[in-house]
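A single chain, nothing else alongside it, follows as structure tokens in the form predicted on its own.
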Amino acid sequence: MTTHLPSKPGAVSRLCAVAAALLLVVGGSSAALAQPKQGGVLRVAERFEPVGFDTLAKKKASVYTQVALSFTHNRLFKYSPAGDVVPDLAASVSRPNATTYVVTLRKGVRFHAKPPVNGREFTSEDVKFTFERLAGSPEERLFPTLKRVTTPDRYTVQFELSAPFSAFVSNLAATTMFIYAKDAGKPTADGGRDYTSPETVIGTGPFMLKEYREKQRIVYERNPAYFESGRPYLDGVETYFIPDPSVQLAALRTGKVDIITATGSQGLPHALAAEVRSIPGARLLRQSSFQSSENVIGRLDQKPWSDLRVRQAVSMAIDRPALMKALFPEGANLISGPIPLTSRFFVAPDKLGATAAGYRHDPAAARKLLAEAGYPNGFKTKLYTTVGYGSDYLSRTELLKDMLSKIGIDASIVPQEYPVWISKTYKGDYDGMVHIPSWTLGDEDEWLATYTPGDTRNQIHINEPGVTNLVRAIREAPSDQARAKGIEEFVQMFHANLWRVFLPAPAILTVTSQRVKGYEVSLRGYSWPAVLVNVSVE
């Protein structure tokens, strides 16, 4: 495979994340600004339940596990609703040299008053223990140069790196980096601790796990000793697992739930937005998020995906404007990738110059490219997808198959159960092409890392020294300016090579009932429950 380098970096679109986060509120914003009232229970509709309660286990943590722990646990840093990195359990951070970070912790923070932890104080030893658990877990990728964690005193943690890493503090805010109490976990045969079961869910967060009924609901109760004085306002939260969005909406209409979340890549399907508007007092929150859009991939170490002309042909076969009009009437963008459209480093297709042609719908040009690549009659391939993201996702796979057929690519859809999908295809074990879901990650570094050998999301099997070296240079950048320049170079390089073919990025829809006051949509990560400390219900 040959990597094509851009002749010179283009102008990078600078999007304001705060403005992009919330595009429309239907039903009026005055309710969201009402004076908070103590008490009451918030009822939430979620599509799926967590797969265990451990984000640092040997297997990749489910997004729904990350959501569940966002109620009960804290991180050293977190993302504000606008996407800024702000302190959580940390009080401050300093950087005495290029490879050392010193985090000063909040004092007086206590774990939940549940056995066996029994409300003891959170200290630096809990942070050290948590980072010791990183070794061998998929989240080890977040800190590639971490060498040592030491605890000079009860409220200080020192992180020593083997090389500079520009995303270090941002990655402390990742929605997998919750701080665990060692004494909450169950001992394992290898001397470690297991946090899979509900009884181990003991954190420092605003809510405590009260009840978990598989395939039914999770019940949380207010943590009276939470370190943010007076918060949360809610007495509790009940999360109900309702896979069908239509059933979720019916539950909201009848008052059985108060919020339909946007944990999934799209939130509420756009086709149901009109029904929301018919519900008295309901609010439809439409946002862009810090996530990439769905995409089509193949293996760069195998034909035909190793040929840039094939990748360009696949991209030109996709009628993005038609998809946006048919599927996303509440709004969408042409693509979101290789880093999210809400990133200041995102480049819109109309700013790409000559490489913008790769995003134009042009079946005739696509067929010509296939012929030049040695496929004058097209080719047959498998197109992997999963039932794990619901029927809407499978419908989009069918649309992709149809569009590919227009340029001679005969794609045979291979639907997989979610466990098989996650353990094989999502890890890069496939032949042919794959319909990949959107990603909600943290810092831009997480997206860049997926284009390096060994990363858990390198499903395209890219192994280009030029790309690897560029990502390393971005990570070790001595200044924000140098880092920005490197990311801009990477984005231009990606569009010149089209390693992934990105699809339209829909506006993401959250729905709240008229009972809900003070709810804000979150730009980054799967930690939307963190905003519930400011929410009240009537």
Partner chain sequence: MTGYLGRRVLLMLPTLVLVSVMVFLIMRLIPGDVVSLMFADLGYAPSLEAMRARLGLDRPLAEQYVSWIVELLRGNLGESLWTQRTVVSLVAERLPVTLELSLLAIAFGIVYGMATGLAAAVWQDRWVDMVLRGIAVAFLSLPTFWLGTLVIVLPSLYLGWSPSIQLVSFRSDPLGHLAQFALPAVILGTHLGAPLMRMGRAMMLEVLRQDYIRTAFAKGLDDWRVVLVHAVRNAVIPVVTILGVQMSQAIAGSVVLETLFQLPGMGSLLVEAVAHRDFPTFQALVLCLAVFVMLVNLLVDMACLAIDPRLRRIAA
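Residue numbers count along the first chain shown, from 1. Note that the structure is predicted; figures quoted are calculated from it, not measured. Rigid core: the largest C-alpha set superposing within 1.5 Å between the two forms.
Absent from the display: the form predicted in complex with its partner chain. The rest refers to it.
Problem set entry | its partner chain: the contacting residue among 81, 243, 415, 408 in the predicted complex [heavy atom, 4.5 Å] | Spelling it out, the residue with a heavy atom inside the cut-off is 243.
Exercise. From the list 254, 97, 391, 94, which entry has a heavy atom within 4.5 Å of its partner chain in the predicted complex?
Worked result: Filtering the options by heavy-atom distance leaves 254.
Problem set entry | Stretch in contact in the predicted complex with its partner chain, which is absent here, among 329-337, 346-354, 417-425, 114-122 (heavy atoms within 4.5 Å) | Of the stretches listed, the one contacting the partner is 417-425.
Exercise. With the partner left out of view, is residue 158 within 4.5 angstroms of its partner chain in the predicted complex by any non-hydrogen atom?
Worked result: No.
Exercise. So in the predicted complex, does residue 60 come within 4.5 Å of its partner chain, heavy atom to heavy atom?
Worked result: Yes, residue 60 lies within 4.5 Å of its partner chain in the predicted complex.
Exercise. Hey, in the predicted complex, is residue 461 touching its partner chain, heavy atoms inside 4.5 Å?
Worked result: Residue 461: no contact with its partner chain in the predicted complex.
Exercise. Is there a heavy atom of residue 148 no more than 4.5 Å from a heavy atom of its partner chain in the predicted complex?
Worked result: No.
For this session: For the stretch 204-224, return the residues whose heavy atoms include at least one within 4.5 Å of its partner chain in the predicted complex, in the order they occur.
Result: Going through 204-224 in order - heavy atoms within 4.5 Å of its partner chain in the predicted complex - the hits are 213, 214, 215, 216, 217.
Problem set entry | Displaced residue check between the shown form and the other one: residue 163, CA, 2 Å or over, core reference | After core superposition, the C-alpha of residue 163 moves less than 2 Å between the shown form and the other one.
Exercise. Taking the rigid core as the reference frame, is the Cα of residue 200 displaced by 2 Å or more between the shown form and the other one?
Worked result: Where the cores coincide, residue 200 shows only a C-alpha shift between the shown form and the other one that is less than 2 Å.
Exercise. Is residue 74 one of the residues whose C-alpha moves 2 Å or more between the shown form and the other one after the core fit?
Worked result: Moves: no, less than 2 Å.
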